[in-house]
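The data below hold one chain only, encoded as structure tokens and taken in the form predicted alone.
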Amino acid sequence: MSDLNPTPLDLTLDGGALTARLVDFPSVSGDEQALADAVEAALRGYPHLTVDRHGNNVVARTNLGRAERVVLAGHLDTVPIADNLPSYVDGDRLYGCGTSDMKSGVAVALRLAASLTEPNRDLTYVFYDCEEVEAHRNGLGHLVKDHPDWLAADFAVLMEPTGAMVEGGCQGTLRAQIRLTGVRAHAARSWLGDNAIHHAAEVLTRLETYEARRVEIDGLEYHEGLNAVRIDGGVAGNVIPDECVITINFRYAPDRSEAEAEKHVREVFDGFELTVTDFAAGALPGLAQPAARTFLEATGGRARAKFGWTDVARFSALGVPAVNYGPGEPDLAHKRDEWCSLSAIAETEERLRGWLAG
């Protein structure tokens, strides 16, 4: 294995080479300090930027008095390394942990931060920690809570892997448990009991016959989904169970509020004991905003709905329309053989540069 000791970041490297340098900075969630230090040090070398830091979250801004402000954001952490460091190149592919998710996007943002001294919009660059772990550790969430003024903007681009295609907004997600009860008894005398697991049949039937809503927002079609993701029940091989718990997950379009999503789920399972255990609000794509329209034009004019939840929802909660756009391939995220196309890195940077410098 090559030397992975941290060295200063050179933001004048081309996008692929800078991505490789970032990948060779191991930064598994919770261990981002060395990379955050390097990012901060590199950005402080550019006088056109104001640089702030909160924990292992680094924020750099231009202050040119432009009519609009745009945020480019990316997380510094990766999932655990899977014998996929150091990085290496094979043809147009750069392999290594975090190449797609999302150090290629971070590299593009860092190069733009260093080189766009007179952008046509004021820019805020956000590099944050702990995206790949529990939500309460998320660095962007800490910035939202402690320094929301640092994130004020008219539009935001989260440089998550999208295959260099705009993915608008994100779905919300709700998890809940449905608890079914019965009466415990010996399995040899089952008629003396009431099997809680058997009561799951009605819940599963409702799920099986559920018709998921499709809704168009800003020209993007979001497809909802309501599914059982876990069933827990049973006591022993000779006992009629008196409890069964079904965990369900509702992925809902961003035109629903959290309250509306919960109301819908409770209506579907009317008559059952249901407890909501987890919520994450969705984010509207905001493609009707002027900055979003020009961004879409500059990046090829194509967009699709984001199926899943991302940190664009944190910007949406601040009233900042946001999209996902990055060079990485979402299907390669977290894989042992994770890679990113070098040409996609160059293309993403070129399109963003044309939008912000044109």
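In case it trips you up, residue 1 is the first one in the sequence shown, and so on. These numbers come from a predicted model, not from an experiment. If you superpose the two forms and keep the largest set of C-alpha atoms that fall within 1.5 Å, you have the rigid core.
The next section is about a form of this same protein that is not shown, the form predicted together with another copy of the chain.
Partner contact region in the predicted complex: 219-227, out of 151-159, 258-266, 219-227, 71-79, criterion any non-hydrogen atom within 4.5 Å of another copy of the chain.
The contact with another copy of the chain in the predicted complex, taken as any heavy atom within 4.5 Å, belongs to E208 out of D270, E118, D83, E208.
For the options A281, A164, C244, L143, the one in contact with another copy of the chain in the predicted complex, meaning a heavy atom within 4.5 Å, is C244. Contact annotation: D92 falls outside 4.5 Å of another copy of the chain in the predicted complex, judged by heavy atom distances. The closest non-hydrogen atom of G55 lies beyond 4.5 Å of another copy of the chain in the predicted complex.
Taking the partner from elsewhere, A200 is found to have a heavy atom lying within 4.5 Å of another copy of the chain in the predicted complex. Another copy of the chain in the predicted complex is not approached by T181, whose heavy atoms all lie more than 4.5 angstroms from it. With contact defined as any non-hydrogen atom lying within 4.5 angstroms of another copy of the chain in the predicted complex, the stretch 103-130 contains no contacting residue. Once you line up the core between the shown form and the other one, the Cα of P241 ends up 2 Å or more from where it was.
Core-superposed comparison between the shown form and the other one: the C-alpha position of D255 differs by less than 2 Å. With a cut-off of 2 Å and the rigid core superposed, G193 has a Cα displacement that reaches or exceeds the cut-off between the shown form and the other one.
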